[in-house]
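First, one chain by itself: the form predicted alone, in structure tokens.
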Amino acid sequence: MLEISNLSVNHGDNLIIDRLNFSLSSDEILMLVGPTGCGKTTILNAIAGLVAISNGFIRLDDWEANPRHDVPPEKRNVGMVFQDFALFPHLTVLENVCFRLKDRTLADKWLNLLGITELVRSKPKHLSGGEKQRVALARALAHKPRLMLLDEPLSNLDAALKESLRWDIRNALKSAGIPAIWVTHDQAEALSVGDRLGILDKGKIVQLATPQDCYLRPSNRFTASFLGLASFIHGQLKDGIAWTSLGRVTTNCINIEDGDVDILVRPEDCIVDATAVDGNAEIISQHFEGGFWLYQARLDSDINLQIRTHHNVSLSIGQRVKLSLVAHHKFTAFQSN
């Protein structure tokens, strides 16, 4: 099991990672997301032994690294998969996967499981992006790492390939029983693949929970605004019920005082009635998403909300509509500033 305690990393006078704490169970996949520069890749590099740590410790099985005791990268038994694949261009697929491997039995296993056996004689320049990433993953898994670190492994691939390959990688990691930390900027990837999701801001994990909890029950405004599309409307909270200009809603909050609150509203929380004569909003923008439309509407109270509808619900810019909130949804409330 991976254990990280009070981990800090400095670059000169700049604190990049600030007292990080988390652990990872035997086959768990942890996704890390956050703004550019928040420290995601630095966390991976610290675990891999590629950057020095300033405080705390990293422990994995039989080794522990801390500021007074470093463990060389080659002694950590950690596999890494990068966004640029990092394959040797002069070696074949088989030679890449078997690099520094004494027994090719595991190489053959992963070449077969990842569907690239027929490519063993090819060199990287003849492979597609998805094939290169499968080779990089097979190489890492064939060395039986105790932990996998993946740094935006799908960022260089097209959208359709990302969709299928993310599941191939997840299934391979689960099949091998290897825990993993996966850094991504793709929120759909983060929400769908990981067992847990860590939201980072300025070197700190501000929420660490299941993807469902992070999205549906964000613990702070940063997570609410960063993950998915978020709008806020004012409400009055009493005994877990909030009264808003769009109706009465139930909240899922604890430790929130009764009184003025801001209610988090996602696009799927809104109901739009285009035929009502008592409209309370005006459509001000529209974006086609394939199966859905994403609209932005301005309430008469001068608050903008985003609404997602089925593609067959066609609204026009400037059209008056009536908005309400889905009654059976539970909403997150934050104390008004």
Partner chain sequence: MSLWPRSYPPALAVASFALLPMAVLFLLASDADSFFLEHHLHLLSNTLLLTLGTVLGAMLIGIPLAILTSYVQLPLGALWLIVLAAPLALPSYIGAFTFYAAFGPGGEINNVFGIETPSASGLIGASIVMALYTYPFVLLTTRASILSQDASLINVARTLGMSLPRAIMSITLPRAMPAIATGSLLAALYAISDFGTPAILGVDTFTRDIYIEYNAFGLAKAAVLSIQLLCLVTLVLFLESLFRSEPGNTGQPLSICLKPLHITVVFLTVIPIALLAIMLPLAIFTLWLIRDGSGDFDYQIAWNSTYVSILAATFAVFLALPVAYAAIAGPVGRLFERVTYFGFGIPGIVMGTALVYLSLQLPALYQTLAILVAAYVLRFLPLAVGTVRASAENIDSSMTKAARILGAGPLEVFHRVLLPLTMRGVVAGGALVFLESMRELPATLLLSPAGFETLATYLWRVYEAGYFGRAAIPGLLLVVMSGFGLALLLMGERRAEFGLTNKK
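All values reported here derive from a predicted model rather than from experimental measurement. Residue numbers count along the first chain shown, from 1.
Only in words, not in the display: the form predicted in complex with its partner chain, which the text now covers.
- Proximity of Gly79, Ala86 and Pro89 to its partner chain in the model of the complex is complete: all three residues have a non-hydrogen atom within 4.5 angstroms.
- With the partner omitted from this view, the residue of Arg196, Arg146, His143, Lys202 that lies near its partner chain in the model of the complex is His143 [heavy atom within 4.5 Å].
- Checking Gly129, Pro73, Gly115, Gly247 against its partner chain in the model of the complex, a heavy atom within 4.5 Å turns up for just one residue: Pro73.
- Stretch-level contact analysis of 42-50, 61-69, 283-291, 308-316 against its partner chain in the model of the complex, using heavy atoms and a 4.5 Å limit, identifies 42-50.
- Shown alone here, Arg134 lies farther than 4.5 Å from its partner chain in the model of the complex, counting heavy atoms only.
- Proximity of Arg100 to its partner chain in the model of the complex: non-hydrogen atoms within 4.5 Å are present.
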